[in-house]
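One chain follows as structure tokens, the form predicted alone.
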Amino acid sequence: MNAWYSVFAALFIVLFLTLVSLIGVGPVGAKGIFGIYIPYLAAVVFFVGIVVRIIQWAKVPVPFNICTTGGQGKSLPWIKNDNLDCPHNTWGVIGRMFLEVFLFRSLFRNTKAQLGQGAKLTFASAKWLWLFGILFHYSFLTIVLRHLRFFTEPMPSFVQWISYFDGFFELLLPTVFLTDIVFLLAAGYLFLRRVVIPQIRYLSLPSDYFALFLILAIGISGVLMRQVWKVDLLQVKELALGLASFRPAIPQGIGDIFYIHLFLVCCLAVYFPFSKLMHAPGVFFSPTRNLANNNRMVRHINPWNYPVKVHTYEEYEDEYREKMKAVGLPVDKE
């Protein structure tokens, strides 16, 4: 019951945010608030929040070498080490971080444990999460880069190429972008995975579902805005350029669905710095990833160690020598 409560609570919040934007730009008519003030506020919270979190992480001392390793470490010269799974130098760390950030290598190597016949524990490959995870992130990145055409004039050439290849199939008119479909399918899989698998559903929190529902709502509203309740993209670009140049103005005739989409994007931007979504920059500050496994070559001393006066054995024996001799204990010095 608690697990399903998390699902419905997150869904209710996202529906409530959608209703707020719908009423705000519809009956209330506060398009200036939803089109100018809220985007500026969201941008400030987004960038300031990320900077503050990064500064906090950067200031945290790392007294111990706690890097995560999965291969043979460097030891004797005749034992071959794995410098990607168990890096012992900076180049190894850079290689592992590159594969982790761009290819999700640790997720690709993930396995699942299950009970087989005779209650025998077996391990099997689990590549579906890696596949949909990497599809989700790269389609999200492509969509963000594609939206740069609204904030730039003239449009950068790489944005034109991205839009061209993304809409290469031209399934419908207007063009259905391939990343839009992949994005919704991947986000849908990540949601179904949380509710279908009992173990993951038990561990999931309302915040986990809220992020997924909010991202799905953004994607669905974007597709509806392009394919069903079409909006004038020239007016959207006029508004975006005005926001980017700090000369905002609300064009006439932009549909309400655009303001709903924009408001949900702003909610995601505000939520981002305070959520698990901060794993994007956070991976670079994770000591389990950015440290080299050089414990056999470098001695790591805890900087928090407070200097204390120690009582050596020689001092202990000098203090209790006579009593030790009286009870027959051996002493180093007579």
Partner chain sequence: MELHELPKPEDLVKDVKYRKLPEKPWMQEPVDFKPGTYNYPALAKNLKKVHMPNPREWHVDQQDWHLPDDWQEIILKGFKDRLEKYRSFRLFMDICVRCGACADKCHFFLGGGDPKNMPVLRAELIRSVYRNDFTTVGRLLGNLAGGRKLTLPVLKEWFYYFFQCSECRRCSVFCPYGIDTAEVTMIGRELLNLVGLNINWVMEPVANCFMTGNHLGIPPHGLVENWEFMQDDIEEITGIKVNLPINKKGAEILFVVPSGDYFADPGSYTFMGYLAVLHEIGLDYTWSTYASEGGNFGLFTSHEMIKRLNAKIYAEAKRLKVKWILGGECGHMWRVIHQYMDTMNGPADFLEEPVSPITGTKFENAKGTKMVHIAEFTSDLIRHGKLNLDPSRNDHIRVTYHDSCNPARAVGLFEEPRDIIRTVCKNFYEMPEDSIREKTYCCAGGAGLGNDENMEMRMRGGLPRANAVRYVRDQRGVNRLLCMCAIDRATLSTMMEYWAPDVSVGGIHELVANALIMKGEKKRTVDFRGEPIPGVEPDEEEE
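We call the rigid core whatever largest set of C-alpha positions still superposes within 1.5 Å between the two forms. Source: prediction; values computed, not measured. Numbering follows the first chain given and starts at 1.
Form predicted in complex with the partner chain: not shown, discussed below.
Interface residue remark: Glu319 is counted as part of the site for the partner chain in the predicted complex, having a heavy atom within 4.5 Å.
Contact annotation: Arg53 falls within 4.5 Å of the partner chain in the predicted complex, judged by heavy atom distances. In the predicted complex, Arg226 stays away from the partner chain, with no heavy atom inside 4.5 Å. Proximity of His147 to the partner chain in the predicted complex: non-hydrogen atoms within 4.5 Å are absent; the residue sits far from the partner. Contact annotation: the partner chain lies within 4.5 Å of heavy atoms from the stretch 293-301 in the predicted complex, the single such stretch among 37-45, 261-269, 293-301, 24-32. For the options Thr175, Ser207, Asn83, Gln235, the residue carrying a heavy atom within 4.5 angstroms of the partner chain in the predicted complex is Ser207. Though the partner chain is absent from this view, in the predicted complex it lies within 4.5 Å of a heavy atom of just one residue from Leu184, Leu129, Ile162, Val93, which is Leu129. Contact residues in stretch 60-79 (any heavy atom within 4.5 Å of the partner chain, taken in the predicted complex) are Val60, Pro61, Val62, Pro63, Phe64, Asn65, Ile66, Cys67, Thr68, Thr69, Gly70, Gly71, Gln72, Gly73, Lys74, Ser75, Leu76, Trp78, Ile79.
Annotation for Arg247: C-alpha shift under 2 angstroms between this form and the one not shown, rigid core superposed.
Annotation: Cα of Gly29 displaced by less than 2 Å between this form and the one not shown, core superposition. Lys276: CA moves less than 2 Å between this form and the one not shown after rigid-core fitting.
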